[in-house]
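This document starts with one chain, in the form predicted on its own, laid out as structure tokens.
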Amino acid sequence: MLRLTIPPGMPPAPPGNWLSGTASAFSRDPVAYINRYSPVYAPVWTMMARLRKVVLLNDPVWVKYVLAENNKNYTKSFGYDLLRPLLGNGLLTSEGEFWMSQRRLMQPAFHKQAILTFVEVMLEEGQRCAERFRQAADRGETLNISAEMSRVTMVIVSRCLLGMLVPGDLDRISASLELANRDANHRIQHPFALPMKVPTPGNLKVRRALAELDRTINGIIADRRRSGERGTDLLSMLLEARDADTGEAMSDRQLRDEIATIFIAGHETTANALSWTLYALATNPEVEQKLCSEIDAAGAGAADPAGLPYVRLVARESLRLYPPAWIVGREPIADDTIAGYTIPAGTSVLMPTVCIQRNPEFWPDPLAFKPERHEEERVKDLPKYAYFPFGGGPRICIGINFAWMELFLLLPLLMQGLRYRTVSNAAPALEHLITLHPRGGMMLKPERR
């Protein structure tokens, strides 16, 4: 069989067929693919693909090099370009001076002190969700926890971002984001998919969803500009923000792109993190008991994350095993050298967070759920990028404080007087979309305790 060949000087590659190299094996199960070849080819190897050069990095030292030490030579990888129909030129997809200007403009809205203004909203919605779960427990119901977590985090981000909750708007935004998100992921994994401009039934459906998303968000922006109302929500902060150099405010188009970005990044990542955390607790009764003992002892103080150290360890361990942003991609602007190999400009450099955070060299017994491993004395000597669930370097997730606060507040509320049981002996399969989903949802049965 004909084989694809790699340019001289590039990292070695596992053998692949003439059409797809090994890219098809990666698409089917990225974690299995990386675990198969990492012992032979780590820390860096080439993934054979027909349409582009792809390099895998599975070592914290070189992740740090790409994301932090030499970050000025790297842009986002091609996968982020496929998100542009959904996110436009928002903070996740923009580059260069424009990205830097937007980051400076938006940073104050995500400062730790600014995030504290959203605590009340998070507590209110977390308590409502917990009450729904208690009622479901009384009825003996099994719930799709993934859908429930998506619902509560969508409401939270809606109230924190827009200062309002319009059910019709929220439903339209949610449906449009879901459809466009899955379409973008499909295009990442299937490079021969027909361009969006080709009027296939699927493309037309996505185009209608994007148009509906634009109408909904633009209508909210227009209403807020007309009314002149301002509050403590993120949209108010963004409307008032001015560039430090030019004094200019954001355009309506840029506001639309940033709102869409915050919506999808601000609810989906936390929803998945909470879903996986509840699953981990359901399958690790000793950890669950220790966590519940801490929450019960705190009583009314369970709303203060500072007084719940084990809650924080549990959340961190969950994001180690199940990082929502399961892989990070970059492309060198100019040729680079990694581990002695040539990385040509334009090569897709993929860094699999989920695999590095399960590397037994840094995390003994890596598939076990052990929150204690995140105690300060145990992690102080780890390489910095042995754990990076929110990325790293200058482009570390701007919402990191928001996400941690939401996790630390909601988890105790969802465990107060409750526990969760699995309804299947089989572990949920990982679905490697733009974020790490449980394939087919996360079915758990809440019970009163």
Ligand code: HEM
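Here the structure is a predicted model, which means the values were calculated and not measured. Position 1 is the first residue in the sequence shown; the rest follow in order.
As for the form predicted together with the ligand, it is not shown, yet the points below apply to it.
Engineer: Answer for P60 alone: is it within 4.5 Å of the ligand in the predicted bound form, judged on heavy atom distances?
Structural biologist: No, P60 is distant from the partner.
Engineer: Since only the chain is shown here, I'm wondering whether R395 would be in contact with the ligand in the predicted bound form (any heavy atom pair within 4.5 Å).
Structural biologist: So R395 counts as contacting the ligand.
Engineer: So in the predicted bound form, does any heavy atom of V314 sit within 4.5 Å of the ligand?
Structural biologist: So V314 does not count as contacting the ligand.
Engineer: Within 4.5 Å, heavy atoms only: does A403 come near the ligand in the predicted bound form?
Structural biologist: Within the cut-off, so yes.
Engineer: Since the chain is shown here on its own, which stretch among 128-136, 336-344, 169-177, 155-163 would lie within 4.5 Å of the ligand in the predicted bound form, judged by heavy atoms?
Structural biologist: The contacting stretch is 155-163.
Engineer: Among V349, I356, A265, M149, which has any heavy atom within 4.5 Å of the ligand in the predicted bound form?
Structural biologist: None of the others qualify; the residue that does is A265.
Engineer: Give me the residue from L91, L308, M237, L83 that has a heavy atom within 4.5 Å of the ligand in the predicted bound form.
Structural biologist: It is L91 that has a heavy atom within 4.5 Å of the partner.
Engineer: So in the predicted bound form, are T261, F390 and G399 all sitting within 4.5 Å of the ligand, heavy atoms only?
Structural biologist: Looking in the predicted bound form, the three residues T261, F390 and G399 all sit within 4.5 Å of the ligand (heavy atoms).
Engineer: Going by the ligand in the predicted bound form, which residues of 321-351 come within 4.5 Å of it through any heavy atom?
Structural biologist: Residues within 4.5 Å: P324, A325, V328, R330.
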